[in-house]
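As structure tokens, one chain now follows by itself in the form predicted on its own.
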Amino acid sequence: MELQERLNEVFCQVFDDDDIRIAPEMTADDIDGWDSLSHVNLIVAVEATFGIRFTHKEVLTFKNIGDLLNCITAKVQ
């Protein structure tokens, strides 16, 4: 399964919405319910799903889903 598809599944689970279809240019403003608490839940779920850990600095640099995807890609290779 493609990395973006796996990440999309994480988004669907965290936000309890099977209709979410993520795109690299999307931000928190594009997804209903994406607030600071759900952001923490999302990061934890992504780390668990992909078996990776983000640094605090990395998390602060994510401006959109594309940034998150790029960081995941770099860590899983």
Partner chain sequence: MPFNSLDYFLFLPAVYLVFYLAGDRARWGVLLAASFGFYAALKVPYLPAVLALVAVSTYCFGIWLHRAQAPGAKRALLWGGVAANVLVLVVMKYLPFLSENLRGVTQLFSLEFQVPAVRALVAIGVSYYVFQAISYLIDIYYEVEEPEPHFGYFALYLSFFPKLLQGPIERAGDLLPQLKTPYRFDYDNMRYGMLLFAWGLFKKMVLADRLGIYADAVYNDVHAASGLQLLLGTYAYAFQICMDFSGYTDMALGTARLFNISLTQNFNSPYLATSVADFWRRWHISFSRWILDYIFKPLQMQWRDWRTWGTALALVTAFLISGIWHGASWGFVIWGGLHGLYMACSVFYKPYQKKIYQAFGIQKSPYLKYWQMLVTFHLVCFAWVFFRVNTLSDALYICTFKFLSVRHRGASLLVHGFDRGDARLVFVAATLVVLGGWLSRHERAQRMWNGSTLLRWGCYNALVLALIFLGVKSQGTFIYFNF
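Numbering follows the first chain given and starts at 1. Worth saying up front: this structure is predicted, and the values here are computed from it rather than measured.
The protein also exists as the form predicted together with the partner chain; that form is not presented, and the subsequent description refers to it.
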Please state whether all three residues D35, V40 and T55 have a non-hydrogen atom within 4.5 angstroms of the partner chain in the predicted complex. yes
Using a 4.5 angstroms cut-off on non-hydrogen atoms, would V59 count as touching the partner chain in the predicted complex? yes
Examine E25 and determine whether its closest non-hydrogen atom to the partner chain in the predicted complex is within 4.5 angstroms. no
How about D30 - does it come within 4.5 Å of the partner chain in the predicted complex, if we only consider non-hydrogen atoms? no
Residue contact check: D16 to the partner chain in the predicted complex, 4.5 Å heavy atom: yes
